[in-house]
Structures are given as C-alpha cells and as structure tokens.
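Next up, structure tokens for two forms of one chain, structure 1 and then structure 2.
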Structure 1
Amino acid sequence: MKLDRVGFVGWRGMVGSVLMQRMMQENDFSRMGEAVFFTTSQTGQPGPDIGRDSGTLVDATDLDALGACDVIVTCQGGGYTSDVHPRLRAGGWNGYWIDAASTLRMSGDAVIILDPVNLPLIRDGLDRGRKDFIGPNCTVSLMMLALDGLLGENLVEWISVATYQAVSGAGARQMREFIRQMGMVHDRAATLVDNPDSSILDIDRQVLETLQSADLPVQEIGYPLTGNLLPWIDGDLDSGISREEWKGSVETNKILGRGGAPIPIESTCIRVGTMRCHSQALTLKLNRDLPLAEIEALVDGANDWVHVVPNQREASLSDLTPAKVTGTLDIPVGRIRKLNMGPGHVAAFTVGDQLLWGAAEPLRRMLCILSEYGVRGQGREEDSARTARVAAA
C-alpha cells in the first residue's frame, strides 16, 4: 500500500543526500503518494529532482504542514528533533517519525531500526502502535551486521571492540577541514618531498611543524587529524568512557531486545583519517568453542551484505579496507581467528560505509517496511484495530 504523504527534512545534508541517492537508485518514490520536502532556509523554492513532481519547499517549522504527513523522515539533526517532535506529538500528530539523529533512540516508545538484524522487533513495534523509528549509531549498526550470524544464534558472551571511525561521522564541515589539513601538510613539505636528496628527517620535521602550527585549520575538528588520530569521540560521561562508547552497549542490546539480559560490550572509539568508512577490531568471547570453519560459515551466511574475507595477507589488504568498501553496502569481515586467551575467544576485523548502512540505509528500508505494512489516511488518523491490539497487550 502506498504511503499517502511522506515528508523529508534535512535531505540536502550529508546523510540526507545519501538517502535521496539510494531512494532514487531503488525507485522508492514510486511506493508513496506525495513526497513533501521541507527546508529551514529556502522555503518556496523548487523541490529536488526525484524523477517526478516534488512541489515547492515547505518551511520545516510549519507544524500544520508537517502534521499533514503520514510519515516524516528527518536527517536534520538532534536539535531539530528536540524542538519539533514533542510539539508535533503534543498537537495530536499520530504519524510515523523516522529519524537519523540519536535524540530519541533510548526512549521507551522508540524502536531502533536495523531490519536485517531486528525485523521481528520492528514488526512487533508496529503491531503495538509504536510510531518513532530511529536509526542506530553508525558503529553499532556496522558491528551488528558483521556479527549478525553469531548474535542471531545467541553465541556471543561478550564483545570488546576498538573502532577506527571516519571523519564523516563528525560531519561534512569536518570532512572539508580534514582535506584542507592534508593539503596544507603536503604544500609545506612539497619542496622537500620532491627533492630526492632531502633528508626524510627534515620532511618529518616539517610535517610535525605544520601539524603543530597555529594556522592549521582545526576550527571544526578541534585538533589535527591528518597524520594523527583522536582517541576520544563524542561527549564525556564523567565515568572514563565517552558517549560514543556508551552507545555501543546500550544500543546494541536495545536493538536485540536484550534489556533484561544484556551482552557486555566494551568499546574504545577512535577518530582516524579516513573519509567515510568505519573499521572495527573485535574481540569476542563465544559461549561455545566452535570450529573456525563453523564460525566463518555463520558470519558469512547471516545476511545479504556480510561476507567473510579469508584471513590471508593479500586478501586482507585488498578487500578489508575503507578504500575498497566506500560507496558500497558490503560488510566484509576478516582476520577471523581463534585466540590463545582460551576456548571461545575469537578475533575479527570489519569495515563498513558510515553513510550507507551506518546512517541512510536503515531509514530507507524502514520506509519500505512501512509501505509493505500499510498506513491508512493522514498522520492524525487513529488506527482503531492497532489501538485495540495495544490495549489487549
């Protein structure tokens, strides 16, 4: 059943642009009636090219226009969600809210969406009348897709993960600044680099001077990232862990519906100088000491996107890198091996595109799930049958 009226907010930003690109590739706009595009700055201008009429841009703070939508998909950010979502709900809007921001993820009324892993929980949420469906943290979604086969068989006792997160996770302005940093480092060392008689120590000294200079652009990232790494991402929870590291545990367990029996997950999250792929080094304790071939088979066959890379030097260097994976939906998992720490201890390494499965793709697929599930009428209209099921539950 087509969705009658779907609103899009934040569709010009980095995640929103990838979402639009994927929806065009998959012909998703044919599954809905009217697509309404909202803006915070260009009201009245023509809508985007989506292969059909997209009207004119509507003010993203117009609660009446938003409230006329069956579904709102937003990539606008947490500030927008915090401002608009509660006012819409307070005004009686009963439509579906699909959001890339983290603001509502841990709300008791929200479902975190990663359908290759938790489609039954998503469908149960729909049946129970849930209306807020929120995209997961990027590293969480990529890790869970990689480990889907082991998590689905309830084989994981605990996880320790070191993440190597791309600058895209910080935002588009940070990506631009990262490139400017690279350019400045090269420009200031170029004469030495091009001179075959120059000392490599002189080149190294020049690079370090540039990274430590006051005119290196760091307004967005805060620190040098070129030739460097940043061993802290997101806010400080005053407990020795960052908010990004906290998300790894709480979001994973919520996606799995394991609030009563959570899997212990510990993370160390690191920002590295790649553009848009997150990598993760995983140490797992399985509750059964399975043969390595069986572990690989479970990982490889879990979903349509994950695949095992043989634990060999050339295969790892060729296929298990951001340069290979960027722009694809592939989730390669490699370096799988048993550890000398004891039975059931396994290591693995995985890579995934932060803007696809890490951000836009779960939102796109949730729209498809709603289309298949069926939405009646306007967002304010009550689904009496669903309400009865919720009351009975």
Structure 2
Amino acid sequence: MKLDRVGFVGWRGMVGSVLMQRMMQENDFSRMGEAVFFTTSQTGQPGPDIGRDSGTLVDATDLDALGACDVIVTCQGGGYTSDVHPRLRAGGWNGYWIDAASTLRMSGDAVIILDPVNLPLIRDGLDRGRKDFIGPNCTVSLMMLALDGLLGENLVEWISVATYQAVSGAGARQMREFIRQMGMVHDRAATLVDNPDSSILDIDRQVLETLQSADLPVQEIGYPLTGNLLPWIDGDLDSGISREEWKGSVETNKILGRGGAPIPIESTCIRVGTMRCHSQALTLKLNRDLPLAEIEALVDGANDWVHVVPNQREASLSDLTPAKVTGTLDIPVGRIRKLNMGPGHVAAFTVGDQLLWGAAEPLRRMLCILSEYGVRGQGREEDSARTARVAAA
C-alpha cells in the first residue's frame, strides 16, 4: 500500500518523541510520501527534524487537513482521540488511524496491534477492512512479549501480576516534575547530607518534611513520587480495580483472540520512582507441570527480543533492571522459579522499556505492515503455526 500522506499528532510528547527517534533510526520516513505534523498548541511553528523537510505544524483539530491524510498516527492522548476520531469518521474519512491511546482499544472495530504476538489477527483485520489499529497498554505488551512462549503454546491457566511502572508512563510533564521533586528533596537535605556528623534521623525527618510540604511540585503527578510510590494508576472503575488493572486482563485476551475463553489475569499496578521501563513480578499457573529448563527454553525462544536472565543474584541485579534495559528493545525475563504452592505454579520478573515495545514500537511497525500490505505476501506462511495456535485458543 502506498502511504502518500501520513499525519503525525502528538509527536513531541513522551511516546511521540520516542516514535520519531525510532522512525529516524529505521529510516521509516522513506516508506512514505509526505509526512504532515500536527499540533494542539504550536500551529505554524517549524516541524521536527526528521532529516528532510517537515513543513510547519498544522492545527490538530483541522478536520480538512487531517482528512487529507491516508494514515494518521496519534500519540496525543485519549482526550484528543475521543474528540477528533468520531468527527473525522462521521465526516466520511476512511483512512487508517494508528493510536497509542486506550480510547478505542476495546471497540469492536479496532484491532490491538502487537505484531510479534498477533500478526495474523492484524492481517485478518486489514483483510476485513478494519481501519483503526491501536497500540496496547504498555504493561500488556511487555508482559505478552515476555510470556509469548508460554501464551503461544496455550500453557497459561492464570496470571497474577504486580507492576512497578515508571513515571514516564504518565507523560513528559510528569517526568519533568518528578525530577524537580528529586531536586527539591536533595536541595533541602543537602547541608545535613554533606555533614558527616549529622544524624541520619534528622536527614530522614528533613526529607519527609519536604515530601509533605506544600511547596513540593505536584501539579502534574498529584502526589510526591520521589521517595514514595503510588499504588493506583489511571481511573477508578468503582469495582476495587483501577482502569490500568482492568486493561491488563481485557487487552491481553483481545490480543490473543481469546474473547470466548479468557485467561484470568489479575494485577496490582503501582507507579514507582523510576524514570523509564515498567517492571512486573508475575505469578503464573501453568496447565502442565513442566520442568524449569523447559519453561526457560520456551520463554527464551519465543521472539527476537525476549531472553532469560539466570535466576542468580549477580545476573538479576545487573541485567534485570530499568537502568540496564532503558532505551533498548530487550525484554529480559528472570527470577524464574517453580513455587511451592503446587504443580504448575511459577514466578518470574520482567522489565521492558514501556516507551519502546510498550508504546512507540508497535505503532511504527504497524506503519511498516501497512506499507507492505497488498504489496508483499511474504510472512504469511511463517505465520501459519501461530495462526493455528491463535485460532485454537
């Protein structure tokens, strides 16, 4: 398919910036004719540096300008999607909408895109004329790539997960505020910290005072995050679970095409003071009591990005952390062990860059899939084994 005119909305936000970076690295702009850059706040200013002319920024609510695009890729957020997408469609726009926001994910007309896991469903959606292709929730995509080998073999009976999600998952402004919070905490305790004779309890008291003071910047995050954690992410569904936790179950099963026989997935989602990368502590119940080596081999061999970290102290502390994984497409899975709760109970810990596989990468790969769709037929035979597994699920 020829991508003559592709519109980008939300390209300077957290996800959008990483998307631009990846598209530059992979020379994706060469796959398309014109790239048009939209904005909700900077109309008329110069477009981003993409190694070729990117024009001036166009108003992201200009339906005529949006409607002139064959494809719109948006990382602007759910409010924008809710506002613009229905009006564009109502006006007859029939282009492809590729979106990082959650708004449309569970719509019957939308396909959730995680092509290493569900390329057959994506191609089936294209064949059926689907036009809305939506990136998964970040923890969902990272967990699914990590457990691809077990999910793909239909071995998972249920999953319980505790997430440790980075501040960049909340957006660019929250990330800046988090750094300002860290700065204020240090500034106010610095004299005590630098004095070797000061009491550690005085330092601790000073830090707590700063965290609880009215001066701490919390306009974006809402609460102190430095020196703290926040055990609720996204909205309150009034059922005891957060919207983020709900997504973990419904999106995973939709991606797997398991609407009729969903795998039970329960999460507790927690925002922690890491900059980038979401980590997840998983408890799995497998429907077969496989030897540990077999479980590790299935996990390790599932896709090009996942790899097993030996369940040893040194390897875990050096290779299974946000500081190690940030900026890479790697999905390390470690701490794998069988639990004494009974046969088939397994623990694992995984880390992934939620801005890459968790957000930008599925979007840019969808653009590649679109540009190849109808032009090249290859890949379909290679998918046949996975198609059969998805269909059987």
Ligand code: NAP
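Counting starts at 1 with the first residue of structure 1 and goes up one by one along its sequence. The term rigid core refers to the maximal set of C-alpha atoms that superpose within 1.5 Å between the two forms. Owing to the predicted nature of the structure, the values given are computational and were not obtained by experimental measurement.
- Between the two chain copies, the one drawn from the form predicted on its own is structure 1.
- After superposing the rigid core, the Cα of residue 342 is displaced by less than 2 Å between the two structures.
- Once the rigid core is used as the reference frame, the Cα position of residue 45 differs between the two structures by 2 Å or more.
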